[in-house]
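Starting off, we have a lone chain in the form predicted alone, written out as structure tokens.
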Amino acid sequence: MNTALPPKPQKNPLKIIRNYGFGLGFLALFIWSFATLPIPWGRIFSQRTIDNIDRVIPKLLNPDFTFAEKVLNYMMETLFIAFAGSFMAAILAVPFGFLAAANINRNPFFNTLGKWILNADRTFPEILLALIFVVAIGPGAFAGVLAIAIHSIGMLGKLYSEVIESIDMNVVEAMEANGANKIQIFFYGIMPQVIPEFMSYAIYRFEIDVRASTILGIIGAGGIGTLLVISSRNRNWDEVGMILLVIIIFVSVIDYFSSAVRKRIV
């Protein structure tokens, strides 16, 4: 019995040179990025920085629990902003998803228009939209809700269109062959196939929106970010520590329950 191992296949020298080339290229790009950025290395590694860290970090790790009730009230407002914005987006993204789905919308012009609208909507981050709405309608939670909703429509619409394009079209064609009208095909042929994944993506988007909502208050769009700005400007680092602790707990709990619910849905 021959127990000798088969010879190793010879590596293509051109592929080896190509892989090393890519690696060196990325390394050069990384070094060039840092070299061109105006980073004040002298200030970062100064005694003042060490003193600031020594003063701030211990207070952050000793949160002020007497501040907890106020933090919880602002955190609940943050959750309401995220939920209202996510719910609006989950509903309003549905028509855009169908508009951008190539297997449902066979018109190239409107299909491309739908994709462009969703791409354009995703271009604007929540913080920029919140800034626009704060200027337009004034500071407050409603500006945050609109920012979350508008941005989430682009993300959910994109995901919805991919779900629609992956449905089993044999079901739709069989219903058409049996004389079903478009409304019957929509409610009995398409929606049962897409609703579980629509709900899963909407819940996942809510997770992301909770994190996004925590910073909208920095520019006056409501939520716990407002409290974070006030405490940090007053250098009350023990209050900042309490705020961060509450954010971490809430986001972790929401992530856990969201994952559990999405596993049951899909």
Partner chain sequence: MSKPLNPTHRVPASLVSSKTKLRMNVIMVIVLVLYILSSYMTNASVLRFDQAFFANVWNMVVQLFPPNWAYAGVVWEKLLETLKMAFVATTIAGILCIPFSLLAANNIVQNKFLYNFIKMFLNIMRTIPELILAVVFVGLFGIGVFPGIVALIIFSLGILAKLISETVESIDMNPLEAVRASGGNTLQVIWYAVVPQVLPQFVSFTLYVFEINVRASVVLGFVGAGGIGLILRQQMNFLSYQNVSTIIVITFVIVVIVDYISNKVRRGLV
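Numbering follows the first chain given and starts at 1. Predicted model, so just to flag it, every value in this text is computed and none were measured. If you superpose the two forms and keep the largest set of C-alpha atoms that fall within 1.5 Å, you have the rigid core.
What comes next is about the form predicted together with the partner chain, which does not appear here.
* **the partner chain in the predicted bound form reached by all of P108, K115 and M175, non-hydrogen atom within 4.5 Å** => Checking in the predicted bound form: none of P108, K115 and M175 is within 4.5 Å of the partner chain.
* To do: Name the residue from A102, V194, I127, V171 that puts a heavy atom within 4.5 Å of the partner chain in the predicted bound form.
  => Of A102, V194, I127, V171, the residue with a heavy atom within 4.5 Å of the partner chain in the predicted bound form is I127.
* the partner chain: the contacting residue among N62, N234, T66, T49 in the predicted bound form [heavy atom, 4.5 Å] -> So the residue touching the partner chain in the predicted bound form, by this definition, is T49.
* Asked: Is I16 close enough to touch the partner chain in the predicted bound form, meaning at least one heavy atom pair within 4.5 Å?
  -> It does not: once the partner chain is placed as it appears in the predicted bound form, I16 has no heavy atom within 4.5 Å of it.
* Give a yes/no on whether M242 approaches the partner chain to within 4.5 Å in the predicted bound form, heavy atoms considered. => Heavy-atom contact with the partner chain at 4.5 Å: absent for M242.
* Would you please decide whether F142 lies within 4.5 angstroms of the partner chain in the predicted bound form, comparing each non-hydrogen atom pair? => F142 belongs to the contact set for the partner chain.
* Asked: Closest heavy atom of S252 to the partner chain in the predicted bound form, within 4.5 Å or not?
  -> It does: once the partner chain is placed as it appears in the predicted bound form, S252 has a heavy atom within 4.5 Å of it.
* Using a 4.5 Å cut-off on heavy atoms, what residues in 27-41 are near the partner chain in the predicted bound form? -> Heavy-atom contacts to the partner chain in the predicted bound form: L29, F30, W32, S33, F34, T36, L37, P38, I39, W41.
* To do: Would you say whether N19 is displaced between the shown form and the other one, judging by a C-alpha shift of 2 Å or more on the superposed rigid core?
  => Shift at N19: 2 Å or more after core fit.
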